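Taking the form predicted alone, here's one chain by itself in structure tokens.
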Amino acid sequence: MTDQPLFEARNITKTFGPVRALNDVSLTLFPGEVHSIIGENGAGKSTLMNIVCGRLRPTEGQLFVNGAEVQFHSPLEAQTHGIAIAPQEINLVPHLSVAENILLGAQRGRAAAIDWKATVRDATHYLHEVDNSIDPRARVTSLSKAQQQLVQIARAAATQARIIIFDEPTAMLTYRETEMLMDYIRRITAEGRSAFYISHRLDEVRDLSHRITALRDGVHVGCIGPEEATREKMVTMMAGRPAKVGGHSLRDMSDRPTVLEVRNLSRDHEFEDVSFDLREGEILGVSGLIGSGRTELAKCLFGATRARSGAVRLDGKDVAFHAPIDAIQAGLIYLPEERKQEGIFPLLSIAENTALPTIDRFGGLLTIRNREMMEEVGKLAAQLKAKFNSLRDPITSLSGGNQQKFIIARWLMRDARVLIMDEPTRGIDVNAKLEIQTVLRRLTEERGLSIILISSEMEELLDVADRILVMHEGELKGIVDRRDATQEGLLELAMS
């Protein structure tokens, strides 16, 4: 790396009304460098990166590219200076093809006569730099969320930017896709291009970065190199306190009664002949790479899709859910991985979001008994140790971890028997993640709740699950007791 920064942010402050999201933050980025930004949810990471890429303008401070001061009024202006972002939130045109999304606005040929052959060829080149398993002609609606995330990264790569911002790029990815992305980032930095990298996965931050900057409450806490970036050091910088201790004790669940029995369940083109049991109070982890059929299996159990064959028994009774409402009424609940798009109602308050499925319990003659509803939601919030200002505040005012706690509370009010959780800690910082895991463990012990936990993070499954079910390309490859499970063993099953 040279002595001259490729990019510099100097004394950046950003306020939103009375809220100071960033306070006098400075950082640099050198050619060929990966500079990671870490911090708890709400620390100001995304706000800072949105200023770098032109989505936001700083209230105070200056930006420099190659030593010259710049002012960005839009992401397009930032792109003209060689800066692009692969955002955390999916932002693709769903009914266009992968290739059209990657080169949207930059199609080859003239405006009146687009050269589609050249467009698809060039888009495929950028796509295959990141992942070679996605069909560039496929519609975005046919892709999984993880594949859509990879397409967004390819779109950023297609700008040929000298600086790419990766905002939680691996949150949806499994081990294989993450390794491919890491290889890609190492290749572009070896060519002299640079990256800002944001992730809650601290191990990959340490392995990938040249420097690591920590933010806390909008303030620059410090910058360290990977050689001193132990997990404990990074968490202490982020949170101002040592990391909470993870890893839960082993439990013998073999004598617990069976709550859910799945026998030879199949659905065309998604999964085939899947069988397993879920015991009372058990956390059954589900692992597998993208396309393994994990989410498809969960949605089928929930009644969102129909199985071709097979049988499901809940509490000893045969069930056939024709719609999610049937599953909900029977006490089987599915929490989707897309919390913001499918899990919350952003215009409603915290209390309304929590009580919505049971709102009939609080109905008066012409009004809702708000005090009674608030009291019940408040009791569950205390049980789950959720942090909030007022239950009347919009749910979007909460951090991701606390949103997840209230979504769990929503279904505890419905007396859920089985909770299927799809990537419940995605995009949540390390301490909030441990809080959620502790809540889940406590619910299984105190309420007898049975949980199916789908996660791309093997470390999370090894920490919290009692057994781990591994899928590959729609097939069940094995169920491993946690005491016998290793990350290497699970990965071998997932890729076999």
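Numbering starts at 1 and follows the sequence shown. Computed from a predicted structure; not experimentally measured. Think of the rigid core as the biggest set of C-alphas that the two forms share within 1.5 Å after superposition.
This next part talks about the form predicted in complex with a small molecule, which is not shown.
By the criterion of a heavy atom within 4.5 Å, Thr47 is counted among the residues contacting the small molecule in the predicted bound form. Within this chain, Val439 is remote from the site of the small molecule in the predicted bound form, having no heavy atom within 4.5 Å. The shortest heavy atom separation between Ser397 and the small molecule in the predicted bound form is within 4.5 Å. Residue contact check for Lys387: one or more of its heavy atoms lie within 4.5 Å of the small molecule in the predicted bound form. A heavy atom within 4.5 Å of the small molecule in the predicted bound form is found for exactly one of Glu423, Asp131, Glu282, Glu168: Glu168.
Shown without its partner, this chain lists Leu476, Ala21, Ile12, Ala485 as candidates; in the predicted bound form, only Ala21 has a non-hydrogen atom within 4.5 angstroms of the small molecule. You can rule out all but one of 143-151, 397-405, 201-209, 114-122: in the predicted bound form, only 397-405 has residues with a heavy atom within 4.5 Å of the small molecule.
Once the rigid core is used as the reference frame, the Cα position of Asn264 differs between this form and the one not shown by less than 2 Å. After superposition on the rigid core, displacement of the C-alpha of Gln329 between this form and the one not shown stays below 2 Å. With a cut-off of 2 Å and the rigid core superposed, Ala229 has a Cα displacement that falls short of the cut-off between this form and the one not shown. Legend note: Cα of Asn402 to Cα of Ile51 is at least 3 Å closer in the predicted bound form than in the depicted form.
Between Ser199 and Gly401, the C-alpha separation shrinks by 3 Å or more in the predicted bound form, relative to the conformation displayed.
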